[in-house]
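Quick heads-up: it's one chain on its own, the form predicted on its own, in structure tokens.
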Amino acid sequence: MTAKTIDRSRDLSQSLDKLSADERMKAASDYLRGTIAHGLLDRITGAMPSAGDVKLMKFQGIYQQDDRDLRDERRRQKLEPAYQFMIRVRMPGGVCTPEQWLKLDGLARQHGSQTLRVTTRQTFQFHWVLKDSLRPIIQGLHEVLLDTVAACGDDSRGVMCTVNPESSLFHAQIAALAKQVSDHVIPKTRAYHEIWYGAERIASSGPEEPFYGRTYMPRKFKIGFALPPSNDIDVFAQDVGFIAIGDANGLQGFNVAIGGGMGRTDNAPETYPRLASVIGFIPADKVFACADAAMTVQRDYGDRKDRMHARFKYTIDDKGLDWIKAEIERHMGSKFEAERPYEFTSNGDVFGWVETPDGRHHLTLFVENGRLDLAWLDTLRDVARIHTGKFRMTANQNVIIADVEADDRAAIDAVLESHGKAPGHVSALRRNSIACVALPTCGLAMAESERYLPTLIDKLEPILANHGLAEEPITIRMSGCPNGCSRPYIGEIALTGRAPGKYNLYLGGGFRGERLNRMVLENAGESAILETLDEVLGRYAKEREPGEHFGDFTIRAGIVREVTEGRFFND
């Protein structure tokens, strides 16, 4: 980073009286140290005693939560909430070695209530972790070169990368680039090493955070790499999305899309989901400069007074796309070239065995909502013991046993068969479903999501079968609140929680992740949702055109109006 960049970051930290409480908290945190190390020693409570430390730990991949199923009973017994923690691993591009898998498995069995969860950002989360288990998990991850740095917090989150086997021509190259970018953009403070590894604090004459400064980013910042024709990472939901452009001669570079984000706040119409806007093409050697420049613009101009208005998408809409593009070019030191042609055909996963041109074989396994229970852990532990390739986590919460030699397929199939996990029939709707965790652990959840979506699909499958649509691929997304962790506002069918048993229903998103949906029911219960979907799916079965996707049909038939501006969805 240039000296000017560092100075600008310092300037932001010197006007704290004008900034939000969270900004002042970050500035006073001693570069994310706070009093976390002291709070971990407190045995009186299962929580972190300082509210500031709870927020700071997010920068280190850790969320403090409690079991909301037990809240009322514990309150009646005059007990503190059943505190526990969620730990999110930093795993750029979702790539994991068998050795790392076995370590994750062992830590989950010992400290994570015998469960792991594959997230919608291609990594793992440990749930139900007690405070005494935080350090053993993080130190265990370190033994296999994994960490949780910047998996949450106001920084650049884990970098995503397409893992669809059909896109494997450039996958190794792009996956390596995603890892390099992730290592490049994470905070440089030594706080993580001191708190979790017991490292000594080392004095330095240089700035501890040469890019982030004392106040880091205004809000989270997400980066992803997509390899057409697969848009499995939903590249238009990223703050910065790099769309790979290549030909038979290799990788040419990337189209760059900026300003995506799914989050919104209930009853706050000034907040909204937005799809990223493509602003041009860069050669591959400009990726780091482009990422730095985009983050610099957001760091310097993002809203630090109102956190609901602090994402990059709002900075872009406030300043104007052309102005932001020009600022990125200025910091990057070069102009964007004209956007190159590309095409996405799906944002889902390809299930079963796939052979790629390099002679490798890849098996994608459906894991409903990404929840790896003990049966799945047992199965995949035995696979990891004989597997010599890689595992890949998909952005749709599934697992790929990747880079398998042809001669090894039979052994992997035998392991899956012995555990009753051999790939079987799963309905098209279920294969294209995503849900966030929601209740009972997420503090933002207003309704069920992961625990309810499978039941709702059970009731939708007969409706689809009745209309002859049982094998029609339709994307369905569910979140327990409007915040959008399951990227619901892109789904052809989507539900976001409003209250226990009540959801907003949205229709009309793009099957390829290219269009937002619109609300058709507000604060509705299950019966109203099923009745509406039965009617619309019935019309789709009778009136659709050849090859027409469900989301496209709802717009052509006038059931919902198309979102043409990439941001407004329920007006």
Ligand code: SRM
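Note that the structure is predicted; figures quoted are calculated from it, not measured. All residue numbers refer to positions in the sequence shown, first residue = 1.
Beyond what is shown, the protein has a form predicted together with the named molecule; the following relates to that form.
Asker: Could you tell me which of 86 to 94, 196 to 204, 451 to 459, 287 to 295 sits within 4.5 Å of the named molecule in the predicted bound form, going by non-hydrogen atoms?
Answerer: Only one stretch qualifies here: 86 to 94.
Asker: Applying a 4.5 Å heavy atom distance criterion, does Thr441 contact the named molecule in the predicted bound form?
Answerer: Looking in the predicted bound form, residue contacts with the named molecule include Thr441, since a heavy atom lies within 4.5 Å.
Asker: At the 4.5 Å heavy atom threshold, is Tyr31 in contact with the named molecule in the predicted bound form?
Answerer: Contact check for Tyr31: no, nothing within 4.5 Å of the named molecule in the predicted bound form.
Asker: So in the predicted bound form, does any heavy atom of Gly261 sit within 4.5 Å of the named molecule?
Answerer: Flag for Gly261 set to yes.
Asker: Taking 4.5 angstroms as the cut-off for heavy atoms, does Val437 touch the named molecule in the predicted bound form?
Answerer: Yes, Val437 is a contact residue.
Asker: In the predicted bound form, which of the listed residues (His361, Lys220, Lys131, Arg430) lies with a heavy atom within 4.5 Å of the named molecule?
Answerer: Filtering the options by heavy-atom distance leaves Lys220.
Asker: If the cut-off is 4.5 angstroms on heavy atoms, which of these, Ala151, Leu141, Leu116, Ile243, is the one near the named molecule in the predicted bound form?
Answerer: Only one listed residue qualifies here, and that residue is Ala151.
Asker: Could you list the residues in 119 to 142 that come within 4.5 Å of the named molecule in the predicted bound form, counting only heavy atoms and keeping sequence order?
Answerer: Residues within 4.5 Å: Thr119, Thr120, Arg121, Thr123, Gln125, His127.
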